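Here you get one chain, nothing else, as structure tokens; it is the form predicted on its own.
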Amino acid sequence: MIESSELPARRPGTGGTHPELALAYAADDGSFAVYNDYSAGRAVFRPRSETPPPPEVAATWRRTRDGGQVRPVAPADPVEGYGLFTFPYGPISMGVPESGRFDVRTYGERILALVPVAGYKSRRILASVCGQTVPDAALRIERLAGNFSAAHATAFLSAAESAAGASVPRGELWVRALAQELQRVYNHVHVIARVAEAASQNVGTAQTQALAEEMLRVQGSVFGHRWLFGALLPAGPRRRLDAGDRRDLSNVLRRHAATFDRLWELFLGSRTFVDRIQSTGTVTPSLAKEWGAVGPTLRACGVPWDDRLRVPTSPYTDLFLDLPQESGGDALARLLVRAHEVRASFLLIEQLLDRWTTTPEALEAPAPPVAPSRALGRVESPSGDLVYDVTLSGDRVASIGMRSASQANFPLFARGLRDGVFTDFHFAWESFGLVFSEVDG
């Protein structure tokens, strides 16, 4: 199993000769692979004994840090020629997303090749949870990427519960969905603010960051922690989800939704802002499928895949979810998808609060395991498909694997900036919503 930050060293996405099939996760022991079938709109599980993955899509994982040596997270084709040199940009610190470096192959301004380099903050969280009880392991897992804590905790807990064959109270599934949607809004608003900052939209940046801060305060008010740490565990902070709390939350979120709509209309009305992100960091639909893009990066290329619809669990099976798509594949398209998803998440939360389950103790059967005491958990994190592969020994984690959205999309970021200019770097980087913490583990 994957025990630390490990990334595909070869092309992970293509499904052999099938252009509509992308590798979503391949077990490190080669026992099975999971594919996203875009044409059928469903996930396909293939045991090795049935249909082994073709050699070109078998997962080739490698550690980003090996004996203290920092490794690139995405391969780069060699680019040589007179006057070319490699410009190491960083390592730079990015706060919650953690630190990283970018090796830029260039002759001055134009980017001919780009290799993101991880490993500066390798915490070995996945390796550290082996031998831990599930609740103790979850406390570490949710800190792997703080801004995606609800998604990581939910995917891990779902896998662990399925591996244990344990049913889950329906109310807990609704709580997890609420936490994920609140965090989705925060992350999308934060990404938009960061892109606005890159475009020197100072007033818009301040107002959008203020809205992102308000969403963190909402999370703290409802779940007792602004980053939702411990919020999905029974022994976590006290939740404020009674009828009156839900009514107050709904009123607050309506105001925030109206604020976002006003801000987004102002951004779209700024020709300077739109010009800076249009045609920047473009990913074609064929490239997105070939490399197994996920999340807004994939949907901005016109591929309608979202785990909440394609591999749904309660309550997403009972609620209306809009699935936005764009066709441009550039930074503007990715932001348009994120903005639409902010509105969709506000609507989804309104449905959750309005139809809050009246039978919270009713049990939901777990998803079927992939092997005795081993199961997968999949959720749609703010940046895309997140997969956990958990094997239990009794009540403790025996081994764990993970494929994050950042792992899937880093190669697309590197490819999207080829033949761009360095001044486009900031716009493209922020629009992908990548975090090194999901890579460094």
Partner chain sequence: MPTWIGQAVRHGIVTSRYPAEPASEAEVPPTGRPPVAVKGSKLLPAGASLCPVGAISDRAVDRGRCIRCARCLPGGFEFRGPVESATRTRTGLVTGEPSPAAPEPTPPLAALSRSVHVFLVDAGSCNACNLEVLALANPFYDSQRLGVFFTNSPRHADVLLVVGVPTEEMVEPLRRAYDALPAPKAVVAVGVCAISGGAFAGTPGLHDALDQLVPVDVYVPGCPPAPVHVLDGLLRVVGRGRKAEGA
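All values derive from a computational prediction rather than experimental measurement. Numbering follows the first chain given and starts at 1.
Unshown form predicted together with its partner chain; subsequent notes refer to it.
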Where, among 322-330, 80-88, 349-357, 233-241, do residues come within 4.5 Å of its partner chain in the model of the complex by heavy atom distance?
-> 233-241
Quick check: do K121, D136 and W227 each get a heavy atom within 4.5 Å of its partner chain in the model of the complex?
-> yes
Closest heavy atom of I125 to its partner chain in the model of the complex, within 4.5 Å or not?
-> yes
V274 near its partner chain in the model of the complex, any heavy atom under 4.5 Å?
-> no
Evaluate D318 for contact with its partner chain in the model of the complex, applying a 4.5 angstroms cut-off between non-hydrogen atoms, and reply yes or no.
-> no
Non-hydrogen atom contact L263 with its partner chain in the model of the complex at 4.5 angstroms = yes
So which of L363, A371, A166, V203 reaches within 4.5 angstroms of its partner chain in the model of the complex, heavy atom to heavy atom?
-> V203
Please pick, from P312, G146, G171, G302, the one residue with any non-hydrogen atom lying within 4.5 angstroms of its partner chain in the model of the complex.
-> G146
Going by its partner chain in the model of the complex, which residues of 212-227 come within 4.5 Å of it through any heavy atom?
-> E213, E214, L216, R217, G220, G224, H225, R226, W227
